[in-house]
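Next up: a single chain in structure tokens, the form predicted alone.
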């Protein structure tokens, strides 16, 4: 899949920018706050309908305007045009794919697969379990429409069941217990499917992580991901174990009015040489693992989906030592279309711009091809 072009109107600093891209590497160079990362954010919007940093849509509107518009053209086996409009007066966003309005993000997710390597990725290895779940769920959701649907249904069930638990705690109404049983049954069914998908993903993804880690570091260190859920269940009946655990926590759930069991509370443990990275890893190991995860994601999605994702990298090279920067530069030659922001191209002697790569300079929202 290739992003051929993009048009930005009133999108942050970009009042009226039109960009065309290389099918290979696109280096986007500019100082801090000049609008280079905005280009990555616009690409991410088209692929997911959401902001790269999860900020509200209204924050992406140019300060002097009331709306923003993003237009882009993708080419794969077919050509697709996507148009995203947001109007701050009405607070609504419209997404059109080939002139047809899309009302659910789920109808876009996975159609234009995207991988991001950004500075906030340190939260994946160093942050809360929720960050690791979000990382894994985003990959599986792009690669599997089935998983995305189950995941959406599960979260709806969590909200409904939480509301019901709260009603029971407040009213002590015994008639609500039959409703709770029904929602619990749905929770077990959808939650068990999520766990099965995650186990399968973890088993497959580990090999991709090991390959990527080896490419970057060329060392004998061995990375590994394990999946931590409510019990050791890989060889057991998941629904049965889920029901047992819920029964144990039933009274506590009623007291706290909270869903205390399920894949929404699970974690993925990252290890290097059988030692937990979050507890014992050095800063260098954390950074290497974060980069390996994203390259692993790229090749996993490419193989699983049969399509080449777009790779977005935001100001990563400034954080790397020379050795890692050189290794990643070499690794990028195995990747398809990539968009790489940096503050100054001349400072990175290990990055080689080939004839069909593009170098784009951005200053105060204005784009220049070099």
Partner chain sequence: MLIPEPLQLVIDELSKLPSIGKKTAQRLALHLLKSDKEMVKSLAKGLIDLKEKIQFCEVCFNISVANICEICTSQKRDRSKICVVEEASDIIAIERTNEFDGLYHVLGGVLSPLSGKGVEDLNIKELLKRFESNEVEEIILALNPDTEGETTSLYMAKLIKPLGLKVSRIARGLPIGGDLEFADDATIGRAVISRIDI
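Treat the numbers as computed from the prediction; the structure is a model and nothing was measured. Residue numbers count along the first chain shown, from 1. The term rigid core refers to the maximal set of C-alpha atoms that superpose within 1.5 Å between the two forms.
Below: the form predicted in complex with its partner chain, not depicted.
- Every member of the trio 167, 185 and 193 reaches its partner chain in the predicted complex with some non-hydrogen atom inside 4.5 Å.
- Remark: residue 88 does not count among the residues lining its partner chain in the predicted complex, judged by a heavy atom distance of 4.5 Å or less.
- A residue is said to contact a partner when one of its heavy atoms sits within 4.5 Å of a partner heavy atom; residue 111 fails this definition for its partner chain in the predicted complex, lying far away.
- Its partner chain in the predicted complex comes within 4.5 Å of no heavy atom belonging to residue 79.
- Interface membership of residue 149, defined by any non-hydrogen atom within 4.5 Å of its partner chain in the predicted complex, is confirmed.
- Of the residues 128, 119, 222, 178, just one reaches its partner chain in the predicted complex with a heavy atom at 4.5 Å or closer; this is 178.
- Site annotation in the predicted complex: the residue of 228, 173, 203, 273 reaching within 4.5 Å of its partner chain with a heavy atom is 173.
- Between 296 to 304, 90 to 98, 244 to 252, 159 to 167, the stretch whose residues reach within 4.5 angstroms of its partner chain in the predicted complex through a non-hydrogen atom is 159 to 167.
- Once you line up the core between the shown form and the other one, the Cα of residue 97 stays within less than 2 Å of where it was.
- Residue 158 is among the residues whose C-alpha shifts by 2 Å or more between the shown form and the other one once the rigid core is aligned.
- Annotation for residue 126: C-alpha shift under 2 angstroms between the shown form and the other one, rigid core superposed.
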